[in-house]
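Listed next as structure tokens is one chain, alone, in the form predicted alone.
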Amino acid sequence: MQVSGIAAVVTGGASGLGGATARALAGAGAQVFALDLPGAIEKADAVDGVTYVPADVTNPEQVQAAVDAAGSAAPLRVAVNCAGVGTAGRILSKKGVHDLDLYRKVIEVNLIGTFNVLRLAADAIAKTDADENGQRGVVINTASIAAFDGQIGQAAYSSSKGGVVGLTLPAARDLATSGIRVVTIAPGIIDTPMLAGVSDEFRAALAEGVPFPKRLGLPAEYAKLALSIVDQDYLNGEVIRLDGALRMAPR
């Protein structure tokens, strides 16, 4: 599917994986609407072809407004879900039982937020004209290798990302009749702003655990894979690990 001349929605689009993907799509000729929280947008650099939209992915009205804005600019063909939150906490610890509200929040943002954007973007994409192969667009979701190799303290995060993995195939099957593909990327340890505060020693230790290449992944590599998924029409209903063959240990 061609990127030039289309509209795309990218959540978490002010930085990290979403920021890199928004820049890559804009560089390929798409009109990108990057959704993020207001505080993140304030820190984002201006990028030609990228319009920043303050929106909470769990808020149906805000997401619908962003989708409508994208669809009015050009045919909406692509939605990429990169927004997410992470937390750590054992189910039972010296601090007591895992906080239920914290667990609920992670599920709400990472899983329900992803589904919210998927359903609203798919509704808009389905109303566009199909190409000669009957294709109208693609939704790319972000899981994590924690969905498969969740570590101690990752019960909430792994649950949320496991839900995104489980969503992939039924969503692809649901949307097949509308000519919409659904593919999920499951990144490993990527050098995003979430790691900005860690020491060089800790960063080196993380890199050492990756079989090959022995380094952290780059947001630009996620973005390149996302563009490849857009381009490769036969990729559908699949979860792709982007992790240097890393399999996480229990801790």
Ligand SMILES: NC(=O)c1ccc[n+]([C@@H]2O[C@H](COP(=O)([O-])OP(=O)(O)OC[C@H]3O[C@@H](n4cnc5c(N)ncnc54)[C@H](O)[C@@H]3O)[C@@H](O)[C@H]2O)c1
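Just so we're clear, the structure is a prediction, and the values are computed from it rather than from any experiment. Numbers for residues come from their place in the sequence shown, where the first is 1.
The discussion below concerns the form predicted in complex with this ligand, not included here.
Q: Give me the residue from 50, 223, 57, 182 that has a heavy atom within 4.5 Å of this ligand in the predicted complex.
A: Exactly one listed residue reaches within 4.5 Å, namely 57.
Q: Can any non-hydrogen atom of residue 9 be found within 4.5 angstroms of this ligand in the predicted complex?
A: No, residue 9 stays farther than 4.5 Å from this ligand in the predicted complex.
Q: Give a yes or no for residue 188: in the predicted complex, does one of its heavy atoms lie within 4.5 Å of a heavy atom belonging to this ligand?
A: Residue 188: contacts this ligand in the predicted complex.
Q: Taking this ligand as it sits in the predicted complex, is residue 192 near enough to touch it, meaning that at least one heavy atom pair lies within 4.5 angstroms?
A: Output for residue 192 is yes: heavy atoms within 4.5 Å of this ligand.
Q: How about residue 137: is it within 4.5 Å of this ligand in the predicted complex, going by heavy atoms?
A: Residue 137 lies outside the contact set for this ligand.
Q: Could you tell me which stretch in 64-72, 35-43, 207-215, 22-30 has residues with non-hydrogen atoms within 4.5 Å of this ligand in the predicted complex?
A: Answer to the contact question: 35-43.
Q: Of 135-153, which residues get within 4.5 Å of this ligand in the predicted complex if you count heavy atoms?
A: Heavy-atom contacts within 4.5 Å come from 142, 143, 144.
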